[in-house]
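Only one chain comes next, encoded as structure tokens, the form predicted alone.
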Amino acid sequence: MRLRIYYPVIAAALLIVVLHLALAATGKTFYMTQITMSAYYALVVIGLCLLMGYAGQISLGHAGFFAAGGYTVAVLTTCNLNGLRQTPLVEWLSRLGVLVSWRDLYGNEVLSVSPWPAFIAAILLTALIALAIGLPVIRLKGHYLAMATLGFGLIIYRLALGAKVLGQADGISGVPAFHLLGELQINGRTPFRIQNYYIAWSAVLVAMVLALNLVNSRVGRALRSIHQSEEAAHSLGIDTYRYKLATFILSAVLAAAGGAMLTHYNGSIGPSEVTVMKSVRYLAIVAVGGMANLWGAMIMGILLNFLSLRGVFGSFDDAVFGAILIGIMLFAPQGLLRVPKLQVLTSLLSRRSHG
């Protein structure tokens, strides 16, 4: 019975291959660029779905966690430590293999942190930030928690705009490719389009497997009980504070992972990734996909972000996501894919994933 939760993952993997073959057959492989970017944004949505749909916590600061991951890898992999080669710390890091030497667009030698240590540092830093924020604010409920996380997002946005080390309004460019294993690398150049399509989707499927295992475990049952009635769950001996804090940190880490990988894919990151509307966008996607529907949230995350990246909404992009959020809250608070007429695929996936 436990293996049944993986059936939708296998089906999704087959659909990913079919989509690639269909795009190749129709000469539309250029769509893979936006699909790949949408997959990285979907990591944020999956984490936020766990936080909102299962732990019952609202966050308006996940764009800040996304940016924390992206900016950390951008700063570490583009900083030039050549002038500090003789210092004990840089020599020690060099002996550990943490540093790598490469040449920029102008042919100048750059000594910076290797992408793998930078990625690990981004995950750890984001987890620490989430812990520092979560310890005091996770006790808040409803709109108080939303306002607290919104304040965090605004702080990160102003830091991105004002700090020279973060590139201010120009952001950080020239971020090198992320060499994963052998010839595999996260790189946005055209020759790497197909392999990056599969790398991004692999990251999404791994996140889905982790999330599905979580929600189908004892921890998942505890989170569902917290969402339904925190007081009742607490009376049954469930440490509600610890579970909510752990879920908050996990969702932040998923957002940071998406931000770090997308930064390597794009080769840059800017303040546009940290705006309040980015957080509202993630919230709207989870709402339309279904608060406790991981597959619905992932599907809508890919679809809506793809349409946005293709410019379908034009200059009304933010207005569209705001309108979607208002409409869902008014007419389908359980999510669009929870409406019976539109539930054929996602209900099947949900039944299988929940055993």
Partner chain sequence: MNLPQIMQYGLSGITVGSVYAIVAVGFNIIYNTTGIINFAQGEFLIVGAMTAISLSHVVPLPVAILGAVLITTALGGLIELVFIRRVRDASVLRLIIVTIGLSIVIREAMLHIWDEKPWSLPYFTGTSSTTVSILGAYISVQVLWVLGVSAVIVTALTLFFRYTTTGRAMRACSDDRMAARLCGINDRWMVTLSFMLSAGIGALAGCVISPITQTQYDMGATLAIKGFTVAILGGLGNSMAAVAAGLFLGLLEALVVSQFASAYKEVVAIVVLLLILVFRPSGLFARRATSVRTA
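Every value quoted in this text rests on a predicted model; they were computed, and no experiment measured them. Residue numbers count along the first chain shown, from 1.
Keep in mind the form predicted together with its partner chain is missing from the figure; the text below concerns it.
**Q** Which of these stretches, 135-143, 206-214, 115-123, 246-254, has heavy atoms within 4.5 Å of its partner chain in the predicted bound form?
**A** Comparing against its partner chain in the predicted bound form, the contact stretch is 135-143.
**Q** Though its partner chain is not shown, can you say which of 84, 219, 128, 277 has a heavy atom within 4.5 Å of it in the predicted bound form?
**A** Looking at the other structure, the residue within range turns out to be 277.
**Q** Which residue, 147, 180, 79, 194, is the contact with its partner chain in the predicted bound form, using a 4.5 Å heavy atom cutoff?
**A** The residue from 147, 180, 79, 194 that makes the contact is 147.
**Q** Using a 4.5 angstroms cut-off on non-hydrogen atoms, would residue 236 count as touching its partner chain in the predicted bound form?
**A** Taking the distances in the predicted bound form, the answer for residue 236 is no, it never comes within 4.5 Å of its partner chain.
**Q** Taking its partner chain as it sits in the predicted bound form, is residue 232 in contact with it (heavy atom to heavy atom, 4.5 Å or less)?
**A** The answer is no: residue 232 has no heavy atom within 4.5 Å of its partner chain.
**Q** Verify the contact flag for residue 184: yes if a non-hydrogen atom of it lies within 4.5 Å of a non-hydrogen atom of its partner chain in the predicted bound form, no if not.
**A** Residue-level check for residue 184: no, no contact with its partner chain.
**Q** Using heavy atoms and a 4.5 Å limit, would one call residue 283 a contact residue for its partner chain in the predicted bound form?
**A** Result yes; residue 283 sits at the interface with its partner chain in the predicted bound form.
**Q** Enumerate the residues of 205-223 that have a non-hydrogen atom within 4.5 Å of its partner chain in the predicted bound form, in sequence order, or give none.
**A** Contacting residues: none.
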